[in-house]
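So this first bit is one chain, no partners, the form predicted alone, shown in structure tokens.
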């Protein structure tokens, strides 16, 4: 039986980043990962989807270059080549994580883990036919797609007609008709890609809007942009059945059918808290996931949980930070996890970037707010690069303390800009101080400064 200071179950963003930090700090660390290092994010989510979306963006530029004085004839998208490039990118990054683990002395075992219980020296975990003991445990088992009990849906998954986030990133042919169940981030990004690649895409969403909790003005503009590209939205609709080559849905009490060569189920994700022996050490779980405190500690001393498994903020960058907080706590360093300034991005074209409170959420929490809604056309660079662009930036400020509460934008480069707004919120700088920050010109990001100067 091998003894480790820390056993990490799960090699996704929370797990591998925490293991790297622990190993670098001299903690003898073991990572148990049943699939591949990088988890869903690197292998079946964040990175592969961005590879596809970039290919679509390049292709879109060739189709609409005449707006910018560039004419391209005969361009086409080669789905097999796109997938091959995606696989190359993923393989390279997975390999890089493996090398980083070796650099910091972290042992990696590619095997499914099973927690056996707590022994005299620590927590006993079996994997790959061996038993390992860890003085401390970090649970980073991630999440899995939600497959609701809709008639025909599970059968569709088994037959390959219905796809999850994993299979949709490996299609070798572009379906003629694609129906996407769910208008959240995953559904929208895949709608964007497959629409550009040539599919007729229909998105069916139970809510009366797309993009979940995204600011309503932003989601409205995004929907308008999608519709202009030919994507069909069925909002306020409930899917009642999935049959071969069609999806049945209800709208205003009436039943309709949507033709489909492939269906993507992107309703949401659920924390993975069962199947690996968590109950053997009596860790407390809730419906959303493992319950943790600000230091990522569970109710069991020496057991931590980070990433999607705690169900708080299912984003890879959240998982990175949660893993770091857990390791810092193990090392006796003062640290705590904060969720008020975590940015989120929808990597479509245009991109959506959001951080902090929306106007609606801020008012619900009792803030007296001032909101500025400014067209992105205040940015010279935006105008130069976005013919007919209708992007906006929305800034929410707490009137009482003159602090920034939220920033939301739809624009090119939003994903690269929004961290700056997150920093402004995290540091609780007053609007008067933020106005003194010098932004480079001409840039798209300087529209945030323009919005701040609109604050009374």
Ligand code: NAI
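Everything numeric here is computed off the predicted structure, so don't read it as measured data. Numbering follows the first chain given and starts at 1.
Keep in mind the form predicted together with the ligand is missing from the figure; the text below concerns it.
State yes or no: in the model of the complex, is some non-hydrogen atom of residue 183 no more than 4.5 angstroms from a non-hydrogen atom of the ligand?
Residue 183: yes, in contact with the ligand in the model of the complex.
Could you confirm whether residue 151 comes within 4.5 Å of the ligand in the model of the complex, counting heavy atoms only?
Output for residue 151 is no: heavy atoms all beyond 4.5 Å of the ligand.
I'd like to check something about residue 132: if you look in the model of the complex, is any of its heavy atoms closer than or equal to 4.5 Å to a heavy atom of the ligand?
Residue 132: no, not in contact with the ligand in the model of the complex.
Counting only non-hydrogen atoms and a 4.5 angstroms cut-off, does residue 197 reach the ligand in the model of the complex?
Output for residue 197 is no: heavy atoms all beyond 4.5 Å of the ligand.
Go through 353, 356, 142, 187 and name the one with a heavy atom inside 4.5 Å of the ligand in the model of the complex.
Looking at the other structure, the residue within range turns out to be 187.
In the model of the complex, the residue from 207, 384, 331, 89 that sits within 4.5 Å of the ligand by heavy atoms
Going through each option in turn, the one that passes is 207.
One stretch from 284 to 292, 253 to 261, 345 to 353, 222 to 230 that, in the model of the complex, holds residues within 4.5 Å of the ligand by heavy atom
Selected stretch: 345 to 353.
Within 252 to 266, the residues that have a heavy atom no more than 4.5 Å from the ligand in the model of the complex
Contacting residue: only 266.
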